[in-house]
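Okay, so here's just one chain, in structure tokens, the form predicted alone.
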Amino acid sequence: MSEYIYYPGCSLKTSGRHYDESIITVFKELGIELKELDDWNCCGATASPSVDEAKTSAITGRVLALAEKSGKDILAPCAACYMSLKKSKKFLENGSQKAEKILKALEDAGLPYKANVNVKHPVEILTKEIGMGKIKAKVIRNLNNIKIVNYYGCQIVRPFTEFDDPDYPTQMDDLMDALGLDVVDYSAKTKCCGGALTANLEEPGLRLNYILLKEAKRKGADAIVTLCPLCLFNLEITQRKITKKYKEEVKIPVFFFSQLMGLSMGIPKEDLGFSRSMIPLKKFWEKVENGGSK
């Protein structure tokens, strides 16, 4: 198995802190201590490449070079970070004059980049490298009465398709199924939540999130499970406004996949960031308690 250097990105240190807490805790339970990349910087996320791809690649190239210096592959839980790092890796390895200029600058700064580092997502590592057998062996809490839909968002599977199928990904579905959760088919699993659009153009942002929330409710889900910090934030923060605008109750908890992983492994909920949820969880915890232990 490969070794990994942990790149949390900005979201996991702020609004997505519960993702950071649960990822580190779950991997530790599986016997993997995640060491955070020293002196990491912002990847520029979604907006930066559309303004100046070369400058973004220089910024993110520094992260790639730092990881390469550590001799480990990058583990990037944030969907936007994952995509940004993959884009910059492709840009820096395309042989263009701009790429060569950036590579020269990195080398002059003592951070030569030789394209020997891979960018990986935790779900990818869990399903393809750690393996379902080891994960199943850690499950001690029965959550088979918890019905969920898995929401991947649009960035983790596009434009790069190495992670999973761009239209109908299944890795997170397989992972949650292995934990014993009741995974419901969700046709909206890769539809966009609006991303940063919601903060600037509220109307289309609310409409996009309404589609996602309504479909999850129609499927009878107890929770939406995701791997994107911005998606989780949007799906939580818009629920009250959507209920008011569309005259329809859409309240539903939204969790990171790693939180439910930890819960199924018997890790105390206090160590998994559940208290950071913007949605009341009383009904959810009542249903969890009714499930019992294996």
Partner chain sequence: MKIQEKVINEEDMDRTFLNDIKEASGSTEIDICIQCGTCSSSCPMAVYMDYTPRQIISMVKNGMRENVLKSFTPWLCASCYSCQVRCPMDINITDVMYAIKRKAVEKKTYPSRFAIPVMDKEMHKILTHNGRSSEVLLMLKLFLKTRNLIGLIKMAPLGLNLFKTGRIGLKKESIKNKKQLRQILKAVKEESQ
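Residue numbers count along the first chain shown, from 1. Remember, predicted model here, so these are calculated numbers, not experimental data.
The form predicted together with the partner chain exists for this protein as well; it is not shown, and the discussion that follows is about that form.
Residue-level contacts in the predicted complex: of R158, K219, R141, K72, one residue has a heavy atom within 4.5 Å of the partner chain, and it is R158.
Between the partner chain and the residues A188, M172, V117, L208, the one pair within 4.5 Å by heavy atoms in the predicted complex involves L208. Shown alone, this chain has one stretch from 200-208, 73-81, 178-186, 129-137 that lies within 4.5 Å of the partner chain in the predicted complex by heavy atoms: 200-208. Proximity of D108 to the partner chain in the predicted complex: non-hydrogen atoms within 4.5 Å are present. Interface residue remark: Q239 is not counted as part of the site for the partner chain in the predicted complex, having no heavy atom within 4.5 Å. By the criterion of a heavy atom within 4.5 Å, C192 is counted among the residues contacting the partner chain in the predicted complex. Interface residue remark: M265 is not counted as part of the site for the partner chain in the predicted complex, having no heavy atom within 4.5 Å. Residues of 261-288 that come within 4.5 Å of the partner chain in the predicted complex, judged by any heavy atom, are S275, R276, S277, M278 in sequence order.
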